[in-house]
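Heads up, the chain below is alone and in the form predicted on its own; it's given as structure tokens.
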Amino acid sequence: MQLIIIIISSVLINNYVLVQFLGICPFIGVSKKLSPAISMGVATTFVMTITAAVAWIINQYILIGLNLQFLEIGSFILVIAGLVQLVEMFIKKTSKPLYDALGIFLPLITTNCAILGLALLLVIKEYNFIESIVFGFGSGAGFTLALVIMAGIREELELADVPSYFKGAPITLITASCIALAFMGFAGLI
């Protein structure tokens, strides 16, 4: 039951993009079309899930074990950078069009504050190993959900009669704020 609560909480109630406002750069940058948004979401979910597992292990067995908690941020950044490089090499090798579509946003997963926030929140929430993995996956799924919703709306906005002064960034930010308001409705769910 606790794992289900963690999933629901991380996907809907405490969504990294729409509630905690982490990971806004890829949310705005990659959400123009549905296909790259899904791909970016899947790549980010993978990185977040693996980061959760590796960060928990590093924190529990190295940092806490050797009383080096002051190295959390640096060690988590190194873990994230390494994982993103692996994902980038894999996508480049398996799907060159996807690699080209994601462009600069794929290496930017390294600096995505949502992933670093995940690693730091694992320490604060004191999850066990399984809960950490579920939290990482749920957070990535919530990130993907936000990207897909935004991409779907932005594709429809391309066909809509939007006043010229709202085209581009203004309508994107207004749309993002409306989605965030909608997600606030999940606050009392758990």
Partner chain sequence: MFTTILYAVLSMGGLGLLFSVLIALANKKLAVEEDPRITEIAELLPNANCGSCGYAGCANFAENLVGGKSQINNCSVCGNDAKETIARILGVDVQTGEHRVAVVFCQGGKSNATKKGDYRGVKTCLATTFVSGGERACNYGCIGYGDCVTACPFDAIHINDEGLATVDRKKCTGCGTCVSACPRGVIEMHPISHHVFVQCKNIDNPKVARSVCKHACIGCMICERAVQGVGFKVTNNLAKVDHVQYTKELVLPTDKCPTKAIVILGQADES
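Residue numbers count along the first chain shown, from 1. These figures come from a predicted structure and were not determined experimentally. So that the term is clear: the rigid core is the largest set of C-alpha atoms that superpose within 1.5 Å between two forms.
Although not depicted, the form predicted in complex with its partner chain is the subject of the following passage.
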| query | finding |
| --- | --- |
| Contact test in the predicted bound form: residue 57 vs its partner chain, heavy atoms, 4.5 Å | no |
| Partner proximity in the predicted bound form: residue 106 to its partner chain, non-hydrogen atom cutoff 4.5 Å | no |
| 4.5 Å heavy atom contact, residue 68 and its partner chain in the predicted bound form | yes |
| Distance check, residue 110 to its partner chain in the predicted bound form, heavy atom within 4.5 Å | no |
| Complete contact of 75, 85 and 96 with its partner chain in the predicted bound form (any heavy atom, 4.5 Å) | yes |
| Shift of residue 87 between this form and the one not shown at or above 2 Å (CA, core fit) | yes |
| Cα separation of residue 53 and residue 95 in the predicted bound form versus here, shift of 3 Å or more | closer |
| Direction of the Cα shift between residue 34 and residue 87 in the predicted bound form, where the change is 3 Å or more | farther |
